[in-house]
Ligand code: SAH
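Listed next as structure tokens is one chain, alone, in the form predicted alone.
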Amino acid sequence: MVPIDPIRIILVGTQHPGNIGSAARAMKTMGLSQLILVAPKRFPDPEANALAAGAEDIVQQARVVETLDEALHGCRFALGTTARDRAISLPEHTPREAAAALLEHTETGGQAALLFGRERTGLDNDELMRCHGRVFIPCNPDYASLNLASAVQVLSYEIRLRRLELGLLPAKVPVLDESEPASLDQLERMFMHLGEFMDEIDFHKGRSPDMINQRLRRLFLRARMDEREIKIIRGMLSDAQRLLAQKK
């Protein structure tokens, strides 16, 4: 059985099926194989297979899901690609730095994800907030028109280059460490639990919670918590909620 590549390439809301095929071709040339499609507009489609040009197996094995939550399920680390400055403050990586970070987070057998957004609008802010950082490809500012498949090619190349430097080719799935980093879906459930608790104690006092929530997300994502630490935080929140309910 061929091991699953620990790096997921996730295409969100792809409009043109030809871009899916071209992205699959870009992946295969660099040895990547795990493609996940979030709510593509047209798929399956003959154009995707035609543009794959030998990478039809990547297209046919692609997993199609309806939500980003499904695509990230079980992932421990994610980076989102973006072509412009955002109001959301996230650590920024060059393609080379992104490749190093992705491989660092798969050393113990975990899964990491690299997100690419829609052809015209890219990833929205909510989708970027699910990521630990963003990747910016430094294009010519006078003509920063890099299509989806080209962006996948650039990042896939950097991942392969880094694997060659580390002697990880052919790609392998290392043995899991005893203490596994928390997955993104575990972190998301913790964020939801924390938000509920803050609402219960009226922490925001009628003000918008967005800025505080963003800062707390960045804080916990930097911490790189493991599963046991997540359980400790959620246990504390549950106990505090239980005590509040008793007082009421």
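Being a predicted model, the structure only gives us computed values, none of them experimental. Position 1 is the first residue in the sequence shown; the rest follow in order.
One more form of this protein should be noted, the form predicted in complex with ligand SAH, which is absent from this view; the next part is about it.
Using a 4.5 Å cut on heavy atoms, which of 90, 146, 161, 101 is close to ligand SAH in the predicted bound form?
By the 4.5 Å criterion, the partner-contacting residue is 146.
Hey, of 131-139, 69-77, 103-111, 161-169, which bit sits against ligand SAH in the predicted bound form at 4.5 Å between non-hydrogen atoms?
Selected range: 131-139.
May I ask you to state whether residue 121 is within 4.5 Å of ligand SAH in the predicted bound form, using heavy atom distances?
Looking in the predicted bound form, residue contacts with ligand SAH include residue 121, since a heavy atom lies within 4.5 Å.
Please tell me whether any heavy atom belonging to residue 156 falls inside 4.5 Å of a heavy atom of ligand SAH, as the geometry stands in the predicted bound form.
Judged by the heavy-atom cut-off of 4.5 Å, residue 156 is well away from ligand SAH in the predicted bound form.
Is every one of 82, 117 and 151 in contact with ligand SAH in the predicted bound form, taking contact as a heavy atom within 4.5 Å?
Spot residues vs ligand SAH: full contact, yes.
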